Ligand code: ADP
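Only one chain comes next, encoded as structure tokens, the form predicted on its own.
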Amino acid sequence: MKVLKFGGTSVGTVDALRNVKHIVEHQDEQVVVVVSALGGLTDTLIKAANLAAKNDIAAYRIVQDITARHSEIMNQLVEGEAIDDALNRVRALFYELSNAYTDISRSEELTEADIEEVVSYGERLSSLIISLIISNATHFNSLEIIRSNNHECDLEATNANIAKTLGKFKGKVAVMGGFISRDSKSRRISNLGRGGSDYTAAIVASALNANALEIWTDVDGFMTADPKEDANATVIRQMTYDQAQQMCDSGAKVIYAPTIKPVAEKKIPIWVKNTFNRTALGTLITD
């Protein structure tokens, strides 16, 4: 079993999602797919929340735009008669999101809890839609699995939930959202911080003793230098966990820094690969 994580750019457009579909459906073993919100959506959801707190009707125009974006993706990628059921399931989430903005407008106050609730819809929507796009996929609600305390993962509770859900999964493809969680004490919606989808995937891979963790992004792997600044920069084909951790801690944004530790402790290899260049070898990170 492998865990595959796809970031916002990898799930941001119809063409990108076709790549995701191809990558997942051509896996030879059982996979858990962890996805981010569609590219740029988290910031858009926060923008709408700030507008709602000012009673600005533009918040609801943003919801309409977001709805149209997700609906267009489904109309192009969900096959056959499944489209009607798919649209109904997604519309139910948008109905909840609209109500959340209405509550913010009425209170005329924007709290951290409000922000965390509205941004959660990014991953809730993307994971549901992607599970409908990929053949033989099953959707898992991350809010029922991932637990946190003050944005730090509650590993004991989370690992127990993973064992009860994903650990007993017998299908070919499981799909879940990254980043989002529920607070172990209050049970309110929370998250693992920006970049937390990588970390979610690492936690799942560690709990399930996966054969590998694959981080699919928009670059070919770790580079010897920033290619925007150095035209001679090349992909680093293989590196150790420590080397990757040092690069992340020094500012490399290829993967979220906390991602490495959970899989390194289990000696699970990490592959960094490019969703838009599937034949590229990528970077392998091992002990």
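So that there is no doubt, residue numbering starts at 1 and follows the sequence shown. Given the structure is predicted, the values throughout are model-derived calculations rather than measurements.
Below, we turn to the form predicted together with the named molecule, even though it does not appear here.
Residue-level contacts in the predicted bound form: of 230, 65, 56, 218, one residue has a heavy atom within 4.5 Å of the named molecule, and it is 218. With the named molecule omitted here, the record of contacts in the predicted bound form names 250 to 258 of 23 to 31, 250 to 258, 65 to 73, 47 to 55, defined by a heavy atom within 4.5 Å.
Within 4.5 Å of any heavy atom of the named molecule in the predicted bound form lies no heavy atom of residue 242.
At least one heavy atom of residue 7 is located within 4.5 Å of the named molecule in the predicted bound form.
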